[in-house]
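Below you will find one chain, with nothing else, as structure tokens; this is the form predicted on its own, and questions on how it binds or moves follow later.
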Amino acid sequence: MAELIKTDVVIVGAGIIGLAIAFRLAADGREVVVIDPNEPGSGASYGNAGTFAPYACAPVGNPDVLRNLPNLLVNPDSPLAVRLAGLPALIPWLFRFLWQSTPARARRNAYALADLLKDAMPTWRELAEQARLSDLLRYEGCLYLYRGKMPRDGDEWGARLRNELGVRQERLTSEEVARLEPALPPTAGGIFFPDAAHTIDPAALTSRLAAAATARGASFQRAYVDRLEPQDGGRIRLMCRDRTIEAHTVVLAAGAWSRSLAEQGGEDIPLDTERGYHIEFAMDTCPIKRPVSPVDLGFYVTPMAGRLRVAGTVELGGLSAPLNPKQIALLERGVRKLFPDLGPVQSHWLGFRPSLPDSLPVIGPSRRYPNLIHAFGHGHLGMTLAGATSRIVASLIERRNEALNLDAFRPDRFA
């Protein structure tokens, strides 16, 4: 007979979003169980670029992407790739994505994202201090690099939007880029985001956050959730292969694996997967001080403890296909255009970003079951938005009146 575990709150998913929520709720005195089939922080939260990007209010789907889509699809060095075998299943998502990339919709999505991002760094500083993670964070900003031609001020939709929304960004000449990062090759210029930050070790960050949540009373279960079953009296049961966990409140924070459980709760959410990659080079001293993103190459180069990480690209093709060596080769070719003397690649990785067509996460309660809270679909901004999302979820569970307007992030917005 399967073991029955009863608790107050169950969080499905031990990525950075689930861990931040677990820590905050446990610190508030809640009885919390986190359930995940893998080690905490071992998915996209481990393999990302390690950036905290409060400037990233431009949705992935936007007029610039729409205009450049033909080139992105046919260029062999494009940061976007589509697995043809997975294309039939992707078509509905792609149509929604194109629809959300039109100017009016993209601008609406950007305003919603900016509203969420405004609290990203204050909530992260608070979280890092409380969980004693501050030594893993660096506040050096982030640099967008233009290798060929520097766009004129106002030419790019994203740059205009950031100006409109009051995001701090500084246009740099080639000489100013060289002073900021002298190891970079000559460039046309750059855009510097002074409010950005990065972590020197995403794996250590998530591991220590899990330990901090445990120290405050949260517990972790290694299991895969097969079914979600609402019970009489308002509680919800999570059916696993060898155990059942019953809780008053369930938080879905399972990233790219959240869609089927949300469906069992009555929500039809068009969640799909962006397959992201990274490679790493071992080194004692990195050639750069902060994350650098060569805009034309579509990845980030981030200095980390004992290594340089190159992370990015978008491959559409689902959860089951194996690693694509072409994407690994693309990253290596690209980073050697910046640093040709790098040694051999030390390691590589494939992970899955949970992505919605409008680039907005799903945050909020189910229509049918108010004690089923959704917190997933953060795309490229899971690390950035973990602090802000955890505060919102805690407010929903504690029923604190913080004048939250979650309409743009509602689970039923696609109905």
Ligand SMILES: Cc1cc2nc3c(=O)[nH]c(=O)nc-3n(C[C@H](O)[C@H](O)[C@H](O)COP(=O)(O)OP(=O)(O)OC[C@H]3O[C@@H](n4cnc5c(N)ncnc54)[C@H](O)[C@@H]3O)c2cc1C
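For every residue, the number given is its place in the sequence shown, counted from 1. A quick note: this is a predicted structure, and the numbers were derived from the prediction, not measured.
The same protein has a further form, the form predicted in complex with this ligand, not shown here; the description that follows concerns it.
Q: Tell me, please, which stretch of 24 to 32, 382 to 390, 59 to 67, 360 to 368 lies within 4.5 angstroms of this ligand in the model of the complex when heavy atoms are compared?
A: In short, 382 to 390.
Q: Can Ala254 be called a contact residue for this ligand in the model of the complex at 4.5 Å between heavy atoms?
A: Output for Ala254 is yes: heavy atoms within 4.5 Å of this ligand.
Q: So, in the model of the complex, is His378 in contact with this ligand at a 4.5 angstroms heavy atom limit?
A: Yes, His378 sits close enough to this ligand in the model of the complex that at least one of its heavy atoms falls within 4.5 Å.
Q: Answer yes if any heavy atom of Leu356 is within 4.5 Å of a heavy atom of this ligand in the model of the complex; otherwise answer no.
A: Because no heavy atom of Leu356 falls inside 4.5 Å of this ligand in the model of the complex, the answer is no.
Q: According to a 4.5 angstroms non-hydrogen atom cut-off, is Ile373 in contact with this ligand in the model of the complex?
A: Result no; Ile373 lies far from this ligand in the model of the complex.
Q: Which residue, Phe95, Tyr139, Tyr224, Tyr111, is the contact with this ligand in the model of the complex, using a 4.5 Å heavy atom cutoff?
A: Exactly one listed residue reaches within 4.5 Å, namely Tyr224.
Q: Taking this ligand in the model of the complex, which residues of 308 to 326 have any heavy atom within 4.5 Å of it?
A: Ala311, Gly312 sit within 4.5 Å of the partner.
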